[in-house]
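Here we start with a single chain on its own, the form predicted on its own, put down as structure tokens.
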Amino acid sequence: MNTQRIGTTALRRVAGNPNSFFTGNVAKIGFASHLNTQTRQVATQKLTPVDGDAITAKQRLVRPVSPHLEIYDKKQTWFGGSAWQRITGAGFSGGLYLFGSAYLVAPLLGWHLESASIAAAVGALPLALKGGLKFLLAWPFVFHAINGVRHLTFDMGWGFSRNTIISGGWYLWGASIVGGMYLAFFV
């Protein structure tokens, strides 16, 4: 609040009593801008609300309409990588923030989120459950990595034919599932 008052007071003093440097520069700027500025006469007329609505209605008829999701071919884009790229990225970001926050408040709440405690808890789980949990963490990581490369190729303008998009989607899903299984069960 005090900073605002100081700034307002300073502006009032400058506006009320400008120095010679300030007024000299204003004259130079005004002279230079007058030489480079184009002007045109504008004619305005008063419109009634009905006339204004009629003009707006005519303008709306020629405006471009942005496409809706229903225009896309479901066979080409259904279950596509772009939505899942965002979902996996948001999942990783949310998980990082959630675990980071829990790790910070763990000593206050008596939780044990140290590496040794987590390793002991996971070690006590049955083998199938451990593999399933590892797959649930590994698959989004592999998918996000592979699909990130695919998006980079799209950014370069490669692979936009229909057959390439469809086959690339199948390869993406297959490679991410195989890669997630490899990380979950062999690493």
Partner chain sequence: MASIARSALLKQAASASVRPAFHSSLRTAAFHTTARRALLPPPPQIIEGSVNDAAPVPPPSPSHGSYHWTFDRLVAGALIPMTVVPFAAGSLNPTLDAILCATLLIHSHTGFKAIIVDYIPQKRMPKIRMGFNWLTNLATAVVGLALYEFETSDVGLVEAIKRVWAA
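Predicted model only: the values in this text are computed from it and were never measured. Numbering follows the first chain given and starts at 1. Between two forms, the rigid core is the largest collection of C-alphas that superpose within 1.5 Å.
The same protein also has a form predicted together with the partner chain, omitted here; what follows describes it.
Participant: Report yes if any heavy atom of L96 sits within 4.5 Å of a heavy atom of the partner chain in the model of the complex; otherwise report no.
Facilitator: L96 belongs to the contact set for the partner chain.
Participant: Do A128 and the partner chain share at least one heavy atom pair within 4.5 Å in the model of the complex?
Facilitator: The answer is no: A128 has no heavy atom within 4.5 Å of the partner chain.
Participant: Does the 4.5 Å heavy atom contact test between G159 and the partner chain in the model of the complex come out positive?
Facilitator: Answer no; every heavy atom of G159 is more than 4.5 Å from the partner chain in the model of the complex.
Participant: Against the partner chain in the model of the complex, would L47 count as a contact residue? Criterion: heavy atoms within 4.5 Å.
Facilitator: No.
Participant: At 4.5 Å, heavy atom to heavy atom, what parts of 43-59 sit next to the partner chain in the model of the complex? List them in sequence order, or say none.
Facilitator: Heavy-atom contacts to the partner chain in the model of the complex: D53, T56, A57.
Participant: Once the core is superposed between the shown form and the other one, does I118 show a C-alpha displacement of at least 2 Å?
Facilitator: No: I118 shifts by under 2 Å between the shown form and the other one.
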